[in-house]
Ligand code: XUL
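The chain that follows stands alone, in the form predicted alone, written as structure tokens.
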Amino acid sequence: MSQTIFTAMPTVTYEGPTSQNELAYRWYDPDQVVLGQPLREHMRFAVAYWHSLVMNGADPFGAPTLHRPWMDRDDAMQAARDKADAAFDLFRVLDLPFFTFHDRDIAPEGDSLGQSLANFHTIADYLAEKMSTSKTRLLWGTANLFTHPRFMSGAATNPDPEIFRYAATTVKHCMDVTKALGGENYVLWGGREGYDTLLNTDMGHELEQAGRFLSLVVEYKHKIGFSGQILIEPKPKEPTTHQYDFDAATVFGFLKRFGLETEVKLNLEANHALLAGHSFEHEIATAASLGLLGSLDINRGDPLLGWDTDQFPNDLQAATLAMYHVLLAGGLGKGGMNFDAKIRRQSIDPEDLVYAHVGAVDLCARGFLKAAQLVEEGRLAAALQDRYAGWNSTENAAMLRGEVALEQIAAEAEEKGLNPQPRSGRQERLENLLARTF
């Protein structure tokens, strides 16, 4: 293998909480058994190809600041191979079990659809070679249906049926590659599936298009025998002003409308939750309550900016709450925790990318361990059970199941002369229980 900017870096290992090595895991011991499973199986961390190897530090107000060797090559296909070499060197350094990619992350756009697909399959074959000698597996693949100007008005929801057809073809090939590489999920990321103004938008038509597109994806999954999950990533308002996949609850309504609620789950992102006006744990709990929790994109946003800043996480309490609700939901199954996060444009050294991942991994692992402690202690769960204990009686359970008519409920309430009094929710006590975990 050719030398890359990560070749000389040692593999990051677990050294324990007392370690002073900044490039060692202090809390992430992948072999530690917690609640019956090793941490690596609970957390299923993934490195995002795009943020780690494609992003160049540019922003709307500034030129690129990250200059990697593969970014300066004239031969785009050789650059893609160099990038893959660097990617698998980085995966070796971080020693995490999974990675994720878009088609355009791994292979360059061609002069035609046919050339773009040929480039994609050529580099996918190269990834397969890399994977044959690597421990790192594919968590999920997806298609970039948002960067090229053809997608400025959406992909599945574009008013031009030829763009719908182009997008469908792209997704078909991305699903084929994901399956061939052993991917455990396929994600639909609708970055521009929405509108900026109703003056030029037929919303009903676009929603029908989105439903047909997703139905085609689900049908094709079964045709090719793909055993992975199909995931939608809710995204509220960036870059498109009004997104059709605003949050977990909105996507559930969409799935119900098209009869896909048992076929598709959600890939939830912390930064997207913030932009939707929610907390990450809210979105996780919502998806879990609807049977839609599939996978997570781990990052954070900046509430002062109101933009999808995709920063690496650093809030231990927020991480703990997110992990707690993952545990309450029974875990992520085939999903995982993908670091959809990029280093800041001032962090220009290759080592900065390693520091960022090591810190994020440790933060999530530490939060998970604290969440597991909360589960094992059971005090939060006991308080919740006590608050809803009244519904366990025979008559109240029957009322909840719909076995009692409204007039019967009213008659019984009047006969009993009900005069229920407020009961404390004990919010501060529960917040104290959480805070004292840290």
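Please read these numbers as outputs of a predicted model, since none were measured by experiment. We number the residues from 1 along the sequence you see.
There is another form of this protein, the form predicted in complex with this ligand, and it is not shown here; the text below is about that form.
In plain terms, the part of the chain that comes close to this ligand in the predicted bound form, with a heavy atom within 4.5 Å, is 265-273 out of 173-181, 318-326, 265-273, 152-160.
At a distance of at most 4.5 angstroms from this ligand in the predicted bound form, none of the three residues His42, Phe98 and Asp362 contributes a non-hydrogen atom. When this ligand is considered in the predicted bound form, His102 lines it closely, a heavy atom lying within 4.5 Å. Shown alone here, Asp85 lies farther than 4.5 Å from this ligand in the predicted bound form, counting heavy atoms only.
This ligand in the predicted bound form comes within 4.5 Å of a heavy atom belonging to Trp140. Not displayed here, this ligand is approached by Trp189 to within 4.5 Å at the level of heavy atoms in the predicted bound form.
Scanning Glu233, Glu206, Glu281, Asp89 against this ligand in the predicted bound form with a 4.5 Å heavy atom cut-off leaves one residue, Glu233.
Listed residues Phe146, Trp307, Tyr126, Tyr166 were compared with this ligand in the predicted bound form; Phe146 is the one with a heavy atom within 4.5 Å. Shown here without this ligand, the chain has only Trp50 in 34-69 lying with a heavy atom within 4.5 Å of that partner in the predicted bound form.
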